[in-house]
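Here we start with a single chain on its own, the form predicted on its own, put down as structure tokens.
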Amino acid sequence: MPLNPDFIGKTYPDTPPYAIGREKLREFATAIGDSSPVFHDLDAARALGYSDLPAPPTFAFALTMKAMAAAMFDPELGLNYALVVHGEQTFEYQRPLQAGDEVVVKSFIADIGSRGRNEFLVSQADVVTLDGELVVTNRSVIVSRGTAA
């Protein structure tokens, strides 16, 4: 069954506010194997010009994953997750995320297209501060194999 193209532009509810903490950033850096002092030591981060510990670049995915799943698992979209493979993931930063930021995620379906027998679902999740400052945009492309009309 093909994806419903009427979903292009559909927005999903914002996530609850998330307060980014130092320990969460340290744990994430450790989990991905990044021992750089900038992600673990406040003095090292400040020596590089950060006001607090910065987040590793892929930390944004931990924030946006749940919001993007709301789109992918929307039953009216028509996506059969058993046929899905990961296509692409990008992060566009306006500034680094860092400890002390409190953010929400705003997500929507940016595009649905096809090439050959495959469909491509592009979702976008914007991480913004409670004051409305855009910090990072996460775009994800997933491929629905063999479902194009």
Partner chain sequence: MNVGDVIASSSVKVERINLVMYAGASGDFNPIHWNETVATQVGLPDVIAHGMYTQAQLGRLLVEWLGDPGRIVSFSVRFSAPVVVPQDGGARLELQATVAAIDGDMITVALSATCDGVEVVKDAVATVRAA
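The structure presented is a predicted model; accordingly, all values stated were derived computationally and were not measured. Positions refer to the first chain, counted from 1.
This next part talks about the form predicted in complex with the partner chain, which is not shown.
**Student:** Looking at the partner-bound form in the predicted complex, is Val84 within 4.5 Å of the partner chain by any heavy atom?
**Tutor:** Flag for Val84 set to yes.
**Student:** Does Asn118 reach the partner chain in the predicted complex, with heavy atoms at most 4.5 Å apart?
**Tutor:** Contact check for Asn118: no, nothing within 4.5 Å of the partner chain in the predicted complex.
**Student:** Decide whether Ala55 counts as a contact residue for the partner chain in the predicted complex under a heavy atom distance cut-off of 4.5 Å.
**Tutor:** Answer yes; at least one heavy atom of Ala55 falls within 4.5 Å of the partner chain in the predicted complex.
**Student:** Within a 4.5 Å heavy atom cut-off, is Val122 in contact with the partner chain in the predicted complex?
**Tutor:** Heavy-atom contact with the partner chain at 4.5 Å: absent for Val122.
**Student:** What are the residues of 31-60, in order along the chain, with a heavy atom within 4.5 Å of the partner chain in the predicted complex?
**Tutor:** Heavy-atom contacts to the partner chain in the predicted complex: Ala31, Ile32, Gly33, Asp34, Ser36, Val38, Phe39, Leu48, Tyr50, Pro54, Ala55, Pro57, Thr58.
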